[in-house]
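This document opens with one chain alone, in structure tokens, the form predicted on its own.
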Amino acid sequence: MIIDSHGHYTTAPAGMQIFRATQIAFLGNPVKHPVNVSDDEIRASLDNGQLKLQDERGTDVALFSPRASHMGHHFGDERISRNWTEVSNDLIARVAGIYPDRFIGVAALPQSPKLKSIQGCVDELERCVTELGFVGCNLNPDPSGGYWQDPPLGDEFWYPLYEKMVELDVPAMIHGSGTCNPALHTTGSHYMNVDNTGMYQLMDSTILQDFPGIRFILPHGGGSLPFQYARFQGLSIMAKREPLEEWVKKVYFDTAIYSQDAVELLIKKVGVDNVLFASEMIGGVQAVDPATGRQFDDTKPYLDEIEWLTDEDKVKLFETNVQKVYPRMKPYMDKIAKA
């Protein structure tokens, strides 16, 4: 079984863009109007997009969430974000209902800059897990879109969300959204900043001690971690924190890095047990690698071609690690196995 742990609905039908454009046009009087997207439009968007590539590349199942960069947490106010997030999550639930053996839902959260309370995110997470059957969520440490106006992840502001994550037994992927800072390109710099800063905020906190069993996924290989490992290690020593080699065993990293060398170094640094296969296909890097002739986000061969990985290692990377991190996947996987 090949499970892609990191997918976004980047090919969502035009009805979603129309909903968002209407939101923008009526900012002063926001209304949560219906989304005009048919099941046939959903099928067409996926049959010729993610599903087509999954079949070509040998992926069986994908964890699927709303398009991260389009959540635009910096846009509008909390009500705008809540309405947009709810319809986005509802669309993911429809995808999972149409293709129950290919996609499993992961929630976006209705974040907004400078909130006084994270309760809206707590409520949406509970709705998505208990009513829509989702298995996890994406958490943006910078809802301001490149200006970092909110408390760091270790601040108690976030603790009600962590409590709900533990209660529901679901993890969070630390993932940015779009940027409104003209100095930052969304994929080329902002996401890398979010990956590194989010990881460091977790390191520089007591979250893992305060919430035993809580699980976080650091996407894109944890940002610069594989290459700047010694720098993070030195910072941990200077701050008299838990040794980095022990800390990395308590969080998880994915392989949406787009280089075999980088994936191999990541596994060497954090260990097989803490890496999840991921592609983030049809995402921020849609180009052919001239060295391989494949799309950069065709990531399965990066693992297949690491000679020192054992068959047992590959089962962990492709299948069992992600089910360990997302235990609510089990009913879905049991149904797929019986089909």
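Note that residue numbering begins at 1 and tracks the sequence as displayed. Predicted model only: the values in this text are computed from it and were never measured.
Quick note: we don't show the form predicted together with another copy of the chain, though the next part is all about it.
Of the residues given (His74, Arg215, Arg82, Lys269), Lys269 alone sits with a heavy atom within 4.5 Å of another copy of the chain in the predicted bound form. Shown without its partner, this chain lists Gly105, Pro171, Pro110, Pro226 as candidates; in the predicted bound form, only Pro226 has a non-hydrogen atom within 4.5 angstroms of another copy of the chain.
Checking 126 to 134, 191 to 199, 74 to 82, 97 to 105 against another copy of the chain in the predicted bound form, the stretch whose residues place heavy atoms within 4.5 Å of it is 191 to 199. For Tyr252, no non-hydrogen atom is located within 4.5 Å of another copy of the chain in the predicted bound form, even though that partner is not displayed. Within this chain, Tyr147 lines the site of another copy of the chain in the predicted bound form, having a heavy atom no more than 4.5 Å away. In the predicted bound form, another copy of the chain stays beyond 4.5 Å of every heavy atom belonging to Glu156.
Within 4.5 Å of some heavy atom of another copy of the chain in the predicted bound form lies at least one heavy atom of Asp204.
For the partner-free chain shown, Lys269, Glu280, Gly284, Val285, Gln286 of 269 to 286 come within 4.5 angstroms of another copy of the chain in the predicted bound form, judged by any non-hydrogen atom.
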